[in-house]
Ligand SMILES: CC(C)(COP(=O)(O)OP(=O)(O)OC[C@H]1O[C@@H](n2cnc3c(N)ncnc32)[C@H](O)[C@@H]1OP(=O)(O)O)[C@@H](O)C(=O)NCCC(=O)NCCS
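First, one chain by itself in structure tokens, the form predicted alone.
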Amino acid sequence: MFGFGQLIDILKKSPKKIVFTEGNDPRILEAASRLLASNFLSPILVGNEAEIQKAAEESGFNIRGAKIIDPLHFEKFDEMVTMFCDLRKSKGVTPEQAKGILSQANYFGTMLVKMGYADALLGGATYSTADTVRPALQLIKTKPGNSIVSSCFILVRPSATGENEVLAMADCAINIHPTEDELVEIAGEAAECAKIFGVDPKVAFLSYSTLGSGKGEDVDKMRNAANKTREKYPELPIEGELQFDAAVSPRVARTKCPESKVAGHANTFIFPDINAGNIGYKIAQRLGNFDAYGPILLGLNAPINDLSRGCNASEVYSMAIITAALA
């Protein structure tokens, strides 16, 4: 089961470059100094070089060897402006407007990924989720076949066997009221994300009903989404709709849905809406003593992830590894 050593091993075989949009934030600098001591991930810090060096010195972090890029002095800035105008031509963006937008670190950092200067991006230490996701949607865009960006949380807890227990939960951060078809996309992306963390996904579409025990539009939505997902991903073990106890407890599953191969053993949970998802993962985190990693953004053409503004340096370091591993 999952340990960060596995992701680091992946990155050692193919080292990546990751952009941090808030280059002078002490939490970013501490995480960058840890990454620079390794050989599997190269940080790119966006911001004024003198300010970043001063902030690192004042905080006591060694960032020698880090690449620092100031939007105002980037040698390929004109090329970036031209590409940005092309990407946003449907909005009629002028070069002058593009220069103003690209002076913002979130847009500038996203364009570094778009232009191939970096493999991934991590932002949000001071930006809102919307300010991280919006440039990604406008410039990186969704993968072919995907219509939305969604999110997944990976929850990790040591078990009595000595191996980590790992669960995936989606979508807990982005889509407020996903439709049936959006839930299909969310489930497919969450299952792929779970695999990166060593999970053999068994997908449960959660509800207040188990296989018809309850009635209502919300029940129908989850049942229909489960059926559509089963059709699209016939190789995935999928069940739904399921109540949470039937999804995770073999004893309850034997009573409520004895024929199901997923019920009682689910590890990848699809929530009906953001209310249930956000509350659900936080209950697991706070009362179940799981470490929660995320939100991990899914469905984009390149790995771009959002930090909580309340994050610490250890969380930045962990999310940098996760984000780069997705590349």
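Numbers follow the displayed sequence, beginning with 1. Being a predicted model, the structure only gives us computed values, none of them experimental.
Here the subject shifts to the form predicted together with this ligand, a form of this protein not shown in this document.
Visitor: Let me know the one among Arg88, Arg254, Arg230, Lys76 whose heavy atoms come within 4.5 Å of this ligand in the model of the complex, would you?
Guide: Flagged contact: Arg88.
Visitor: Only one of Arg157, Lys99, Lys195, Lys141 gets a heavy atom within 4.5 Å of this ligand in the model of the complex. Which one?
Guide: Contact check passes for Lys141.
Visitor: Please name which of the stretches 195-203, 125-133, 239-247, 111-119 has residues with heavy atoms lying within 4.5 Å of this ligand in the model of the complex.
Guide: Checking each option against the 4.5 Å cut-off leaves 125-133.
Visitor: Is Ile274 part of the interface with this ligand in the model of the complex - any heavy atom within 4.5 Å?
Guide: Yes - in the model of the complex, heavy atoms of Ile274 and this ligand come within 4.5 Å of each other.
Visitor: Verify the contact flag for Asn106: yes if a non-hydrogen atom of it lies within 4.5 Å of a non-hydrogen atom of this ligand in the model of the complex, no if not.
Guide: Looking in the model of the complex, residue contacts with this ligand do not include Asn106, since no heavy atom lies within 4.5 Å.
Visitor: So in the model of the complex, is this ligand close enough to Ser209 to count as touching (4.5 Å, heavy atoms)?
Guide: Outside the cut-off, so no.
Visitor: Would Ile148 count as a contact of this ligand in the model of the complex, using a 4.5 angstroms cut-off between non-hydrogen atoms?
Guide: So Ile148 counts as contacting this ligand.
Visitor: Considering only 176-205, what residues come within 4.5 Å of this ligand in the model of the complex, judged by heavy atoms?
Guide: Only Ile176 sits within 4.5 Å of the partner.
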